[in-house]
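Shown here is one chain on its own, the form predicted alone, set out as structure tokens.
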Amino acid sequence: MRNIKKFPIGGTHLPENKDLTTDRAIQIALPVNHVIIPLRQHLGVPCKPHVAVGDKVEPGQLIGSNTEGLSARIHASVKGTVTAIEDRTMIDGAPLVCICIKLDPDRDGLDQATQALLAHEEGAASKEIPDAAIVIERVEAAGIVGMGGAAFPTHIKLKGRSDMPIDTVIINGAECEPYITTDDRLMQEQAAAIFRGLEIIRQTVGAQKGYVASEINKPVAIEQLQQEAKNWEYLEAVRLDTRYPHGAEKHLIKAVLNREVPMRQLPMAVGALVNNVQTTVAIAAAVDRERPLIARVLTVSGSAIRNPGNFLTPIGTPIRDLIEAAGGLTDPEAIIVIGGPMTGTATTDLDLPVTKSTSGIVALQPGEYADRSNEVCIRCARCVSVCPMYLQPNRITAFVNNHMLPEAMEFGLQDCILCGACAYVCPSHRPLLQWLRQGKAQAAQQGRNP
């Protein structure tokens, strides 16, 4: 098909299951009793609390920051009272103990939260864009991070590097993870805000061109993007083939620009910058209205969800409240996955809160979720043929499991993007993704920076 972009080697086609929610408009879901706001919702050092137990807070009030390293500010998502500041176990690819602030909303706190969330959906403001320094300052003040899962502080990304000029900005609307339709609905409902955010990014980093890229399994979203693109001189909408993992930024750059990002290099090495759809909407809100990031859209879906949908909810809302907002579970034994089924993490803790990088909650029937075990590798090399990074997952995981971390690093552990395609195609159902995560965690503990 003409004018459809794709990366050339590796990847796989997955059952998409997006029909459950692609036509479900975004609706507001509010917490029932409390919100739990982790002080680490970003790549880098945790924030330090600016409040104490008993303090009253307002929506958007700064409650955590840290100037001693890479970090992103955190704000109250509802009006209420701080009832606890305590350690809780969060999920960030693996269990992680993190300081959290618990807020109990006041009687009118949820009404104010509703108003704030509705305001978040306002259209783009004036076409005038502030100077780059002001844009970066407002994005930093808003606490914006990569909302597609990476959670890298966005203000750092916008600063760039003088030795690596950026000529193209790509907004990642591929959303190739099964079940998740968060970006799909945003592209359908808020195309103008996405292009506004893209133009802000483009001017801030000094790029010549900007693209919003989406897979062709989102026809309504693509139509909205193509119509909106006509209003912007330097911006375009791009169609992508449906192949996993188009959402990986290096593969997205290869598909859209036909540029190969070198191993262990960032996209700016080839003059590109990639941002997530929802991050881009948040940038527009921060720059135009100085709105902090206090809420996000996510999908609640799966065969064990009674009424799947897409929800705009305050940061810190417990996932049990969102499951109830989606009609509850059809099976009490359902497997709950935070994120998508390919890269997400299964959990039994329904008190876990929504964070800035939570893209979805997927509930599956027990028989649908692969119970992977340590079976013998049959050396079929399917994991090698499907790897979009041209790695040998079978060799790397063998080194990890035999405590040979330097050899695993030599074979490209640090280049793995944890897409899970290798585990998906493995006929022996080996937990390759789990082992790769363990290897990366071990390398990080040893300061090897995978």
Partner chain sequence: MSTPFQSTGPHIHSQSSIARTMWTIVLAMLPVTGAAVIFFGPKALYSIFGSALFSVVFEYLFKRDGFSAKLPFGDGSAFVAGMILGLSLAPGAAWWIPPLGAFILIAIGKQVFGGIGNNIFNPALVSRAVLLLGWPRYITGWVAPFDSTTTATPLEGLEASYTQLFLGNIPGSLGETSALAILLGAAYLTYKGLINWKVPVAVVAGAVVAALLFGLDPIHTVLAGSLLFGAVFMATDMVTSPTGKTAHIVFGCGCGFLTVFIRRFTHLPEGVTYAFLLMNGSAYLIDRIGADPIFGQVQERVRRVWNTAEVLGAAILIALVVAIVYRASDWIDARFSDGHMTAAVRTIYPQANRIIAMQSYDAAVARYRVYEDRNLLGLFATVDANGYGGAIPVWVGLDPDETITAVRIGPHQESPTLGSAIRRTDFLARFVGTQPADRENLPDAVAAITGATISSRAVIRAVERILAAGDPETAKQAAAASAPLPAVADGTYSGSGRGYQGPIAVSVQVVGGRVDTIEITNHSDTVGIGTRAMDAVKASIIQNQSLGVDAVTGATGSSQGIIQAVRNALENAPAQEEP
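Computed from a prediction, not measured in an experiment: that's the story for all the values here. Residue numbers count along the first chain shown, from 1.
We do not show the form predicted together with its partner chain, though everything after this point is about it.
Colleague: Looking in the model of the complex, is its partner chain within 4.5 angstroms of a heavy atom from every one of 385, 423 and 429?
Modeller: Yes, all three are in contact.
Colleague: Among 208 to 216, 282 to 290, 167 to 175, 258 to 266, which stretch has residues with heavy atoms no more than 4.5 Å from its partner chain in the model of the complex?
Modeller: The contacting stretch is 258 to 266.
Colleague: Looking at 222, 191, 335, 100 here, can you tell me which has any non-hydrogen atom within 4.5 angstroms of its partner chain in the model of the complex?
Modeller: Flagged contact: 335.
Colleague: Could you tell me which one of 379, 230, 107, 161 places a heavy atom within 4.5 Å of its partner chain in the model of the complex?
Modeller: Looking at the other structure, the residue within range turns out to be 379.
Colleague: Can you tell me whether residue 243 touches its partner chain? I mean in the model of the complex, with a 4.5 angstroms heavy atom cut-off.
Modeller: Outside the cut-off, so no.
Colleague: Looking in the model of the complex, any heavy atom of residue 65 within 4.5 Å of its partner chain?
Modeller: No.
Colleague: Although its partner chain is absent from this view, report whether residue 48 comes within 4.5 Å of it in the model of the complex, heavy atoms only.
Modeller: Close contact is absent here: in the model of the complex, residue 48 is far from its partner chain, nothing within 4.5 Å, heavy atoms only.
Colleague: Answer for residue 391 alone: is it within 4.5 Å of its partner chain in the model of the complex, judged on heavy atom distances?
Modeller: Although its partner chain is absent here, residue 391 would touch it in the model of the complex, with heavy atoms inside 4.5 Å.
Colleague: Can you tell me which bits of 406 to 421 touch its partner chain in the model of the complex, meaning any heavy atom within 4.5 Å?
Modeller: Contacting residues: 410, 411, 412, 415, 420.
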